[in-house]
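Next up is one chain by itself, shown in structure tokens, the form predicted on its own.
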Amino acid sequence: MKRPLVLLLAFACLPTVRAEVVDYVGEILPIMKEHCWDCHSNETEVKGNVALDPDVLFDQIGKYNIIRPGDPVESGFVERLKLDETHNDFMPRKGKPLPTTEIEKIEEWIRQGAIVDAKKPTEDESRRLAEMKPGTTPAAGAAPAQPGFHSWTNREGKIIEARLLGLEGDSAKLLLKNGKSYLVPLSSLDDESAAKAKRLAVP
């Protein structure tokens, strides 16, 4: 008996937006704990309203925040690390300058999108990963993400960018940017993506 042409394991063969990028949890957090934790962590003390704990770091990341994804040059966070240590805004305050290699690692993290945890990216982070190649900065005036496209996550944590074409029975029909479409069972999506599919499918 032939199986119906429904890809029960569609995510296994679809391209993902996750890339091998520098992420905060894996490579930047140890640097922060060594140099900045005493003054900028909820575990100890938070000065200047800047907490560097991974679960609250999103408050510091954004187009107009001290960490600007894709743009280390305009990120005040990096600027303070590179000031002369006699400057009033130099960080870490009362500490020694970070090694050049560690500052470069932080710059690369920001350049690649300032991803907090690449294993569990948020929808915004997944969009940033889809829009830029690791190690590059999007060109000025680059086209925004295609309208109607969203991030979808399955129960194994794999992520794709696709547009919902509709529901067919208990499956979501997803259109990828390469023009190919797949039927993905709602049961294979995580709870958030499954709920989003049902919500977006309502006319």
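Residue positions are given as counts along the sequence shown, with the first one as 1. All values reported here derive from a predicted model rather than from experimental measurement.
The following text describes the form predicted in complex with ligand HEC, which does not appear among the structures shown.
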Inset, instruction - Would you kindly say which of 35, 163, 68, 158 lies with a heavy atom within 4.5 Å of ligand HEC in the predicted complex? - result: 35
Legend entry - Of 26, 54, 62, 48, the one that lies within 4.5 Å of ligand HEC in the predicted complex (heavy atoms): 48
Inset, instruction - Spell it out for me: taking ligand HEC in the predicted complex, does every residue among 39, 80 and 98 have a heavy atom no farther than 4.5 Å from it? - result: yes
Inset, instruction - Indicate whether ligand HEC has at least one heavy atom within 4.5 Å of a heavy atom of residue 91 in the predicted complex. - result: yes
Inset, instruction - Counting only non-hydrogen atoms and a 4.5 Å cut-off, give the residues of 151-187 close to ligand HEC in the predicted complex. - result: none
